[in-house]
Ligand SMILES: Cc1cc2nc3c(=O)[nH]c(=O)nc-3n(C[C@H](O)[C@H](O)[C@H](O)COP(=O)(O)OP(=O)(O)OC[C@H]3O[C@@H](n4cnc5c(N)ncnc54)[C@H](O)[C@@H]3O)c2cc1C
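Read the single chain below, which is given as structure tokens and is the form predicted alone.
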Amino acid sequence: MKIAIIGGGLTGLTTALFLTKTGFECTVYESAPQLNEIGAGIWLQPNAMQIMKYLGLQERIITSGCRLERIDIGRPDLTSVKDIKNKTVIDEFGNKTVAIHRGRLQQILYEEFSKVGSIELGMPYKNHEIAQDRILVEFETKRIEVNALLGADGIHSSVRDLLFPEAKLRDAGQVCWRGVSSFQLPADLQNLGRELWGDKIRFGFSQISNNQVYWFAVTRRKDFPKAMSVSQLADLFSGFDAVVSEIILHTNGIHRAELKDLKRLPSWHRSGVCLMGDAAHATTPNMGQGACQGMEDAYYLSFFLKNKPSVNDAFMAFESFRRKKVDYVVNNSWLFGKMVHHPLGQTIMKVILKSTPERIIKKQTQHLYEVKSPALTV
């Protein structure tokens, strides 16, 4: 069976590695002419790290990033809203969140798959047609025939546009700035992921190497509709602890994005074609699970393709298995973002966080971090 994967991002490359490991022949087609170290940072939560462990990449990723011993919510002065113990941010296998440069992670996946499979760069997807048991895929410079087509081409998926032209994005009304700062955090802030809540603004950060800090800042778009410079962003957070302004001021280049997610699709697949990751269920980044869920997709889909009698049976089983968790992530991330940027909503969330017993928080996080064996549940 030949499988084409559209998109050489984190979901596409992880899927390619799992499919090759499972025994399938697959090729990744990426529209960009080259894969550079683009983007800012990413927090790979324990579920994603378990997926990387299955691929034998866990230790390489840990040494290329920074393992976070704690993740919490704080006030502008850096004090925690609730002192959460380490055991709530670790899964049953001992995996913790690893903060790493997104481009560095993509390069690791790219290098690993290049050893066993083919990646074709500079190949923008244009169209596909169904011909009996084959799929004819058209790019700008060539046509190919495959038995299955996977759309892992992100929130603005071209494969999804053709498959489900009625699909719509939801605008959260918020803007996120991200950057990587050449800055060494004070010792008490290293190996820590923290998100600080201010008045309709928030700021998160973590170390990703000895002298690099990944950070993100989120505001309502109506308050700050235009691009901002490094100094303007530093001024915006002048009421926070001084380390926040220092982190921002040591940044060379800011990525600005308007936050959106994907309105729930009635289906992810049709006639031998299946969407994955952000192409199928894009979420706002408030729970830090976007890429993690794409990696889970890669793991589960490879299992179903191996163990179901046909491609479409595999796609049906995959979607049925994944829907509940993905819906939970998308819906709660959306609600979180709306609540935290509303004065009353933020107050309510702080009260809930402070009053919720740690055993309940642990139970919730373990549900999020769980990577099930589909063989035992299907």
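Note that the structure is a prediction, hence the values are computed from the model and not measured. All residue numbers are counted from 1 along the displayed sequence.
Below, we turn to the form predicted in complex with this ligand, even though it does not appear here.
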Using a 4.5 Å heavy atom cut-off, which residue among Cys176, Leu189, Ile90, Leu236 comes into contact with this ligand in the model of the complex? Cys176
As a check of understanding, the residue in Ser31, Gln346, Thr27, Ser310 with any heavy atom within 4.5 Å of this ligand in the model of the complex should be identified as Ser31
Using a 4.5 Å heavy atom cut-off, which stretch among 190-198, 280-288, 160-168, 75-83 contacts this ligand in the model of the complex? 280-288
Is this ligand in the model of the complex near all of Val146, Gly272 and Ala317, within 4.5 Å of a heavy atom of each? no
Exercise: Glu296 in contact with this ligand in the model of the complex, heavy atom 4.5 Å: no
Though only this chain appears here, would Gly117 touch this ligand in the model of the complex if you measure heavy atom gaps against 4.5 Å? no
Would you classify Leu262 as touching this ligand in the model of the complex, given a 4.5 Å non-hydrogen atom cut-off? no
My question is simply whether Leu17 lines the interface with this ligand in the model of the complex - judged by any non-hydrogen atom within 4.5 Å. no
Looking in the model of the complex, the residues of 315-334 with a heavy atom no more than 4.5 Å from this ligand, listed in order, are none
